[in-house]
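A lone chain, given as structure tokens: the form predicted alone.
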Amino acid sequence: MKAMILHGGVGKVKNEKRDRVEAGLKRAIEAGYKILCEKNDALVACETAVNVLEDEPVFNAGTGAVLTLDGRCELDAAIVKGSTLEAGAVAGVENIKNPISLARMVMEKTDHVLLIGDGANNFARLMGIPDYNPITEERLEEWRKLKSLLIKGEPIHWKKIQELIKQYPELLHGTVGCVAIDDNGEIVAGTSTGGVFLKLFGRVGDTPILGAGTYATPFGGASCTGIGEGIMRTLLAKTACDFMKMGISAQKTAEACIDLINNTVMTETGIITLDKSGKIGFAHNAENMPVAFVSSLDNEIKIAGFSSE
């Protein structure tokens, strides 16, 4: 049984960007699922799908990711193999085109799980990854606008995060993630993000923290999106995998995880899940969480998660 699900983050999707979001999701799942069918390799398929999303500036990952308070692009990513719990992650990396691929190199080329900041960047250079500037003019313009509002005293900082989201709900949108299973039963989860706009320099969210934003076991995998602080406090991805180990369906697991968020930390969150039988699930408490999914049951790509649906 082959299956794949991916997400493009939670938050408001402006009408003028919806077509780009859908097209990006479709390209990503087509590329990833092709690998899944031709090579039967969930790891490569997951990485490939996330690479496509990282290269699409409409998402908050890789090219076009959001900027920190001081105008830099600090990227996080993680990838996990469920069968062995092998994992690789990077946090706060700069000038990298595809952080998910660097995370895979950490998993396969080192004895470590997580590399951060300058160390991760130096490792990238050692691995032959060239310098790449992921900052786009569109993000720079958004950063200038929001920085100006912050200077004027508008509520755009962490102690006022809910006010920020209410004013600018589109800022949550963008983190990308994928969970895939191949015919060998290998489940792989991967997530990549630029974090939240105007985050403090050096801030790390849930994405590269195993068990928080990204996790996989032989029983299922999960990728999360939203306000990372809440996801880290609930270890949401690990919780989801534990639920699936208990036999709870992927969809019920996703719904239960959002219930957990709503009853505890109450932050904007979304999650995608996939269990060992190839069943998928997704849930969120935000306006949108665009997702794409496909399985070998019918090989039909489906896109969902927009507020109009």
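This one's a predicted model, so the numbers in the text were calculated from it and none came from an experiment. The numbering used is simple: start at 1 and walk along the sequence shown.
Keep in mind the form predicted together with a small molecule is missing from the figure; the text below concerns it.
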Answer key, the small molecule contact in the predicted bound form at 4.5 Å (heavy atoms) among L102, A91, I227, I209: the residue is I227
Listed residue (V196, V188, I96, A87) with a non-hydrogen atom within 4.5 angstroms of the small molecule in the predicted bound form = V196
Are any of the heavy atoms in G205 no more than 4.5 Å from a heavy atom of the small molecule in the predicted bound form?
-> yes
Non-hydrogen atom contact N60 with the small molecule in the predicted bound form at 4.5 angstroms = yes
Contact segment among 141 to 149, 196 to 204, 115 to 123, 78 to 86, judged by heavy atoms lying within 4.5 Å of the small molecule in the predicted bound form | 196 to 204
